[in-house]
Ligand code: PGA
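Single chain ahead, written as structure tokens, the form predicted alone.
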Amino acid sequence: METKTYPDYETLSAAVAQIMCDNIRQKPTAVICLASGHTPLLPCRLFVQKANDEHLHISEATFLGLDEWVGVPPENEGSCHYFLYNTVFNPLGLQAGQIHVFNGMAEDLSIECETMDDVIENNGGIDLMIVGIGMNGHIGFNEPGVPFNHLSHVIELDKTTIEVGQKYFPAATTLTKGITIGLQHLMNANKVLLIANGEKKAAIIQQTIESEVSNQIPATIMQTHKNGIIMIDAAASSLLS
């Protein structure tokens, strides 16, 4: 693992977008897993802009959604589905076969997990993961205490996730469970970028980088990734020793 610090969120976002474009340019059949949320928003927008401006050959790439709120319909603007389709998939003009996201409304969520695992395996694994970090150290919905060897799975949401998650929704929303790609997939991925910005993330970034590896802070698993990069702005790095 390495840590890279950028002067501000805009510079950080541009660097992430460049890595995404470079990955597809080097491997047109790349499998890219994307998180939704406030931090990935500008990197995703800049990636789409660069891909379109540079006429990046993107028709063979596969895009995965990292996670989803269980019980939240895709048309809800707080859903991960809504974020990814409106920010990345539709602006890029991707075909349906290039996109694989969880359906949080599915009757059988175990089938959703199996399908995602099969997509990842059948495409030779994930080439690039772009993930954020929660205030409790989660990655996706891999909450504190989650086994590191899980593949895709359903999980009870941590209290912090439920509380913080309300910011994505226009009205109070009942959140109890999440469905997510597991940390074993993260460890198997060729490259992982964990991105964070702002002073509010400084404490959990410090714990992620400087604490012992523990599933009580799931993001500490990044310390053991052979090609993991923690990319943060100056504000998020402010407590690092």
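Bear in mind that the values here come from a model prediction, so they are computed numbers and not experimental data. Sequential numbering from 1, following the sequence displayed.
A second form of this protein, the form predicted in complex with the named molecule, is not displayed here; the remarks below concern that form.
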In the model of the complex, which of 97-105, 110-118, 132-140, 150-158 comes within 4.5 Å of the named molecule (heavy atoms)?
132-140
Note: exactly one of G178, P40, G65, G182 sits with a heavy atom within 4.5 Å of the named molecule in the model of the complex, namely P40
Report whether the minimum heavy atom distance between F89 and the named molecule in the model of the complex is within 4.5 Å.
no
Against the named molecule in the model of the complex, would Y85 count as a contact residue? Criterion: heavy atoms within 4.5 Å.
no
Need the contact residues for 164-192: heavy atom within 4.5 Å of the named molecule in the model of the complex, sequence order, or none if there are none.
K167, Y168
